[in-house]
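Shown next as structure tokens: one chain only, the form predicted on its own.
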Amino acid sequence: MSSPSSPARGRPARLDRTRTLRTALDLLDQSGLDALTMRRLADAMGVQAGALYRYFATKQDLLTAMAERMMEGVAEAAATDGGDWSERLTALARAEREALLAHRDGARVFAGTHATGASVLGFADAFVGVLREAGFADDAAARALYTVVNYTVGHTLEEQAALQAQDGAPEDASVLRDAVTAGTYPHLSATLPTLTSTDFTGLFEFGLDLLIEGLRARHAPPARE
């Protein structure tokens, strides 16, 4: 039997944008971003590399489309019933992180693109809309979008890099531990258990909470005299 991403034996390969993106994401999950090339993608689809350029003029175009595909449905996290603006923003940030973690090197793919499709723009529009509906000024809502998205992507970049190091076992923690214990860093030594923890979700939630509380503090009405 042929695999979902391979043409049946004896039949010409069927090439379309949807199948190309699905196969590209499969290859990304299998081998990572560095191993994903147009030639390897073409081989996996049973076509000549030049055939892919009908849909993607460059590899960067392909990566942008992959980033867009990864973000499908993420904007729906803003529709949390009964939540205030902070809960809805938290849900959006968590959903974005989960979408990027769903694919190997997902954060690297997303960070290197400037996707402007319906999924990415829908997410951004939902995020800004939550804040504007809560009374935030337009410029504050836009800056908050950049701040939270940059934090989420940056955190996930580091998380995926750590988890993929040396057969999936985090090695950065042991390197940091050895460096700190070999020197005179009393404050780092005292906090070493937290610094070397692999509880990436806990770390993400801590930082996200700081951002949300910062927005809340700036949005709070001035105290009455």
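Remember, it's a predicted structure, so these values are computed and weren't measured experimentally. Sequential numbering from 1, following the sequence displayed.
Below: the form predicted together with a further copy of the same chain, not depicted.
When a further copy of the same chain is considered in the predicted bound form, D199 lines it closely, a heavy atom lying within 4.5 Å.
Among residues of the shown chain, G122 is one whose heavy atoms approach a further copy of the same chain to within 4.5 Å in the predicted bound form.
In the predicted bound form, at least one heavy atom of H187 sits within 4.5 Å of a further copy of the same chain. The closest heavy atom approach of T194 to a further copy of the same chain in the predicted bound form falls within 4.5 Å.
Residues are counted as partner-facing when one of their heavy atoms sits within 4.5 Å of a further copy of the same chain in the predicted bound form; in 203-219 these are L203, F206, G207, D209, L210, L211, E213, G214, L215, A217, R218, in sequence order.
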